[in-house]
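Below sits a lone chain in C-alpha cells, taken as the form predicted on its own.
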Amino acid sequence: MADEEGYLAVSGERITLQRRHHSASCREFLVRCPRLQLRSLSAVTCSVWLVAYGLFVLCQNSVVLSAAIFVTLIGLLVYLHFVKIDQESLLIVGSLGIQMTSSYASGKESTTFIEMNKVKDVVINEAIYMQKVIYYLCILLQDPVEPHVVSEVVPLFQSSKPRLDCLVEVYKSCQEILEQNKKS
C-alpha cells in the first residue's frame, strides 16, 4: 500500500512524501524534491557565458570563451553528480535495521544502513538555521559499551529538509515499529 502527500520544505518549495507499508514491521518513506529547473540552469549558464564574452571582447582572447564553456560544463556535471539530490528514502525494517538512500540528479545513489540493535531511538530535534528554528528527524545510536549513552546522532532528510508536519508523519511510523521491536 502506498500513498503520496504534498508538503513544504523549510525553504518553502514543494516536496512530496510517499509512504509505503510493506508489512506491519516494514515501512518506507520517500521524500521527493523538485527537479532541476531548466530556467534557472539556463540563466546561470547564460550569465557565465555573457561575462566570458565581455572579457573576450575586451582582451580578444578565445581562451576565455573556451574556459567559460569548459568550467560551466564541469560545474554542471559536479553539481548533478555530487550536490543535487532528487529523492531521499528511509526504509525501516523492525527486525533488521534502517536504510537511508539519497538519489542524485545524475542517477547516482548513496545508501547507509544502520542495524536495529544499534538504534536507541528516532527523535525530532530542533536547530537554529539561518535565524530560524527548524526541525529535523534523527536517529540516536547507542554506545556499544554503555547502552544508556547516545554515541552518535544521524540526521535524516538532510537535503529536502521537510517541515515539522511531514516529519511527524514519519516519526509516528518509526515509533510504532520501534515499539513493536522492543516488545519482541
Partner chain sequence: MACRRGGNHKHCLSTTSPSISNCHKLPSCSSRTHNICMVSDFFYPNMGGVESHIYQLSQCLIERGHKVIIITHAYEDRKGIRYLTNGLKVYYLPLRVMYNQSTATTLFHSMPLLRYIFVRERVTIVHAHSSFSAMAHDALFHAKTMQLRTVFTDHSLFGFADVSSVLTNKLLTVSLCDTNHIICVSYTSKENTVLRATLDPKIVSVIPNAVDPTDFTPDPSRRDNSTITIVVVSRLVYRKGIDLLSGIIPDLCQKYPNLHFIVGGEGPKRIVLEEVRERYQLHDRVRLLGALEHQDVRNVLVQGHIFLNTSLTEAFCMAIVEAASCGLQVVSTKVGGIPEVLPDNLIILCDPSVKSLCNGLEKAISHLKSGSLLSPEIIHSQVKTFYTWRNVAERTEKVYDRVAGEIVLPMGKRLDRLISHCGPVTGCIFALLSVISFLFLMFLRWLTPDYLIDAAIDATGPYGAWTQQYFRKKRETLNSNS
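Numbering follows the first chain given and starts at 1. Please read all numbers here as calculations on a predicted model, not as lab measurements.
The same protein also exists as the form predicted in complex with its partner chain; that form is not shown, yet it is the one meant from here on.
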In the predicted complex, does each residue in the set 126, 132 and 164 place a non-hydrogen atom within 4.5 angstroms of its partner chain? yes
Spell out, yes or no, whether the shortest heavy atom distance between residue 11 and its partner chain in the predicted complex is within 4.5 Å. yes
For the chain shown here without its partner, which stretch in 30-38, 114-122, 60-68, 133-141 has non-hydrogen atoms within 4.5 angstroms of its partner chain in the predicted complex? 133-141
